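The form predicted alone is given below as one chain in structure tokens.
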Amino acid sequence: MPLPAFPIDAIRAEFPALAQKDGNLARIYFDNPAGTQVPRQVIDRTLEAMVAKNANLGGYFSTTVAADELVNEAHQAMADFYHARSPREIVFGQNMTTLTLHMSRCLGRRLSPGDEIVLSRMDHDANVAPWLLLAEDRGLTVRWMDFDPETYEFAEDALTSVLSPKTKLVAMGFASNCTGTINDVKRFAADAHQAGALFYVDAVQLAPHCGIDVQELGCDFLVSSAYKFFGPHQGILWGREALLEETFSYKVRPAGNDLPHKFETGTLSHEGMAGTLGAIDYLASHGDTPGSSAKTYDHMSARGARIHRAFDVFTDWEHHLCKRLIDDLTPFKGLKIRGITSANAVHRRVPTVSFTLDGHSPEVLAKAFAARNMFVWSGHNYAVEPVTRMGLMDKGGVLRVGLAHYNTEAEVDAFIAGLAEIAR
């Protein structure tokens, strides 16, 4: 079926950074897995917070009242984004890494020496190192889910084969920031619960590309970072309310025990929360974009439904760009894409395409593209486990091209033309 008309020019016009040039070279942003650009709504919301709502919480004067309202609105907006049951389940923090380090310590109070945790060989280190540190401190045993380095996916029994009666927690990523693989989190969560374990999900790389429904997934905790889905540097964790209620929190003495604030240490970045609201505004505004799926999402809030419909449209465009990129990379001699390449399986990956090219180090390639004002990343990109598993850690890692819905066919074509020049 032909791809429905996608309003790429109108969408790009909403992102001021996309019009920037360096000298006479337009910027091509393929660094999106490390951080996306922001639409005008994010800038406006942030500016408003700094000018009109710049105060701490809990007072009686106008700016503190406005700041309280902002914080409450941000929690509700993210509850809609995740399809959480309540804003009490939403915890804001600096970023996914900081939140996971904090939550690992809080959850660690539930664990005892000899207990087991399961980690994933496909994950970003933000969902690995915190748990390794916890295991070292608490005397826990670590078991690993391993993926196939040729298919870049987990086998059916990847989790069940390492679960045991001693397993207390499983931590894994929803989508890989290296291979791009989208994992079957719903199935793995069910496997973990069958064994009596908690299930903790890093959704940082999925959040810019697909709608998230934590109630449908059946996980216990899920965390992402707003700067990966067109917002500011901000992290947002969802946790089941009952679990958050019973889990110990490390906090200062004057802080109360009410949710979610007992996990939100210190004074939060209110301007960051405002910017996150702007990102939600942007996503929801595209819920009626031509080409929206027939899905109604009647079980969600009106805003949540609009966000999911927007992602349905964005995903179609991203699949189109991703297939174009993979198809055009495939003929290069000595080039190996480190991820799913089948056009029939593009729905099982995000549009993050990593590859190696014989005779060319990823770092040198990245520098050559930077000279052309094309922004890509090289190395392990904190994906220490998957890069090591693929035997690439001592070879410079990979070159990573990360697409977003605001990228264009012309930009993909320019990248391929640049690669052809460099490879020669």
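Bear in mind that the values here come from a model prediction, so they are computed numbers and not experimental data. Start at 1 and count along the sequence shown; that's the residue number.
The form predicted together with a small molecule exists for this protein as well; it is not shown, and the discussion that follows is about that form.
Proximity of Met96 to the small molecule in the predicted bound form: non-hydrogen atoms within 4.5 Å are present. The small molecule in the predicted bound form is not approached by Ala274, whose heavy atoms all lie more than 4.5 angstroms from it. Within 4.5 Å of some heavy atom of the small molecule in the predicted bound form lies at least one heavy atom of His124. A residue is said to contact a partner when one of its heavy atoms sits within 4.5 Å of a partner heavy atom; Asn177 meets this definition for the small molecule in the predicted bound form. For the candidate set Lys228, Arg349, His308, His209, a heavy atom within 4.5 Å of the small molecule in the predicted bound form is found for exactly one residue, namely Lys228. Contact with the small molecule in the predicted bound form, judged by any heavy atom within 4.5 Å, is made by just one of Ala77, Cys322, Ile117, Val204: Val204. Annotated contact segment (heavy atom within 4.5 Å of the small molecule in the predicted bound form): 169 to 177, selected among 141 to 149, 169 to 177, 241 to 249, 337 to 345.
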